[in-house]
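In structure tokens, one chain follows: the form predicted alone.
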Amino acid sequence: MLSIQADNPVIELKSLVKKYGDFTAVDYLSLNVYPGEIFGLLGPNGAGKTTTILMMLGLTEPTSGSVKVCGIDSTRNPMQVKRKVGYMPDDVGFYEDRSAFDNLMYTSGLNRIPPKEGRERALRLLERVGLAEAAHKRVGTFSRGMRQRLGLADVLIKQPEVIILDEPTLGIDPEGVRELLALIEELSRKEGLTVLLSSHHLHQVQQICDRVGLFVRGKLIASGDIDTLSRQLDGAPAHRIELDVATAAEPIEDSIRGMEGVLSVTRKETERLASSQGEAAPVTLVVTSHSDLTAELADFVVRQGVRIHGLRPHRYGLDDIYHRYFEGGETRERMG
């Protein structure tokens, strides 16, 4: 994953609020996204993600707070922001009776790119997103996945500094999702593009994002990488390792507890049969930690002269973290 620099954010939101009458769509949102980062804005439908994106683009004004993209105030200078940002909504609009190439050339013209250069960029991007063979086919014949890949080419043709993708995988089959996410990650890693990806799909966000912001009912309730989010969540561990060990004369649990980074060691209640050689059934220990200690734990146990029968590392994912945050968020709102 990318090493994030703590200065000069590409996207900078400070105490951002958007109200529609008595309804608060975005509630004092503060957030930074840094150069070359893939940031996932994760939350259920209706959480306020799209409203936040519209404020970033200067397409709707905040009730209060400030938003800067590439150092430019989006509210005061929306046209300057649009020159530097590529935006792909959840449903990209194209001229259905025109080809993929024609649609890209139209976008190129709108951005005042010279025709020869626009043609070169369009053909290069169609190759990049896997649509070279469909370049001259009518977009009306495209599948949802093909349209989304064309949408990605469409936002890239003006060579933006940052791209904002609103639910880019919506309605795409699993293989299409995998290909699109791989393409987004490749573009960011190889070309240094900053990406803000809005989604309600936990596992898709987890696959490619450097950091994630959890957005619930207009509030950013936590942000960070997976390990950081786990630590913020009431000290919850990020990693769990199940370790099957032979019964030792001296229980090894206390020794493992003394290892640096280990949070807890407990025995898992399981029914295991003794081996055919008459050996005692192995004991299953559950070890939790903030970082991955799988290799260190295995080495430590072997050096203690204890035989390992099985080792099953498990990392807490966004699914675990998000649902616990979401439940906590609902609880805090009810209490408030």
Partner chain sequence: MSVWADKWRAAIGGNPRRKEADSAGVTGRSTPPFWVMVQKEFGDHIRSWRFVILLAIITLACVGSIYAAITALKAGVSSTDDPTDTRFLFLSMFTASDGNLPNFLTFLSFLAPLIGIAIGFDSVNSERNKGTLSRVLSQPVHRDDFLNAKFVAGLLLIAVVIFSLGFLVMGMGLFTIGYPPTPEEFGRVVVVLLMTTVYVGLWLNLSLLFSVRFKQAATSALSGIALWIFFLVFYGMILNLIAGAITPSDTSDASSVIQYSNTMQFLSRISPSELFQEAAQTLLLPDTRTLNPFVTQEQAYLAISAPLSFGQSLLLVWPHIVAMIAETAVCFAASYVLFMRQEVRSRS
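Positions refer to the first chain, counted from 1. Nothing here was measured: the structure is a model prediction, and the numbers come from that model.
The same protein has a further form, the form predicted together with its partner chain, not shown here; the description that follows concerns it.
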{"item": "is_contact(residue 285, its partner chain) in the predicted complex, heavy atom dist at most 4.5 Å", "value": "no"}
{"item": "Residue contact check: residue 112 to its partner chain in the predicted complex, 4.5 Å heavy atom", "value": "yes"}
{"item": "Its partner chain contact in the predicted complex: residue 107, any heavy atom under 4.5 Å", "value": "yes"}
{"item": "In the predicted complex, residue 142 touching its partner chain (heavy atom, 4.5 Å)", "value": "no"}
{"item": "One residue of 90, 73, 242, 127 in contact with its partner chain, assessed in the predicted complex (non-hydrogen atom, 4.5 angstroms)", "value": "90"}
{"item": "Contact residue in the predicted complex, from 203, 189, 98, 257 (heavy atom within 4.5 Å of its partner chain)", "value": "98"}
{"item": "Heavy atom of each of 94, 154 and 159 within 4.5 Å of its partner chain in the predicted complex", "value": "yes"}
{"item": "Partner-proximal stretch of 291 to 299, 51 to 59, 37 to 45, 65 to 73 relative to its partner chain in the predicted complex, 4.5 angstroms, heavy atom", "value": "51 to 59"}
{"item": "Partner contacts for 121 to 153, taking its partner chain in the predicted complex and a 4.5 Å heavy atom cut-off", "value": "121"}
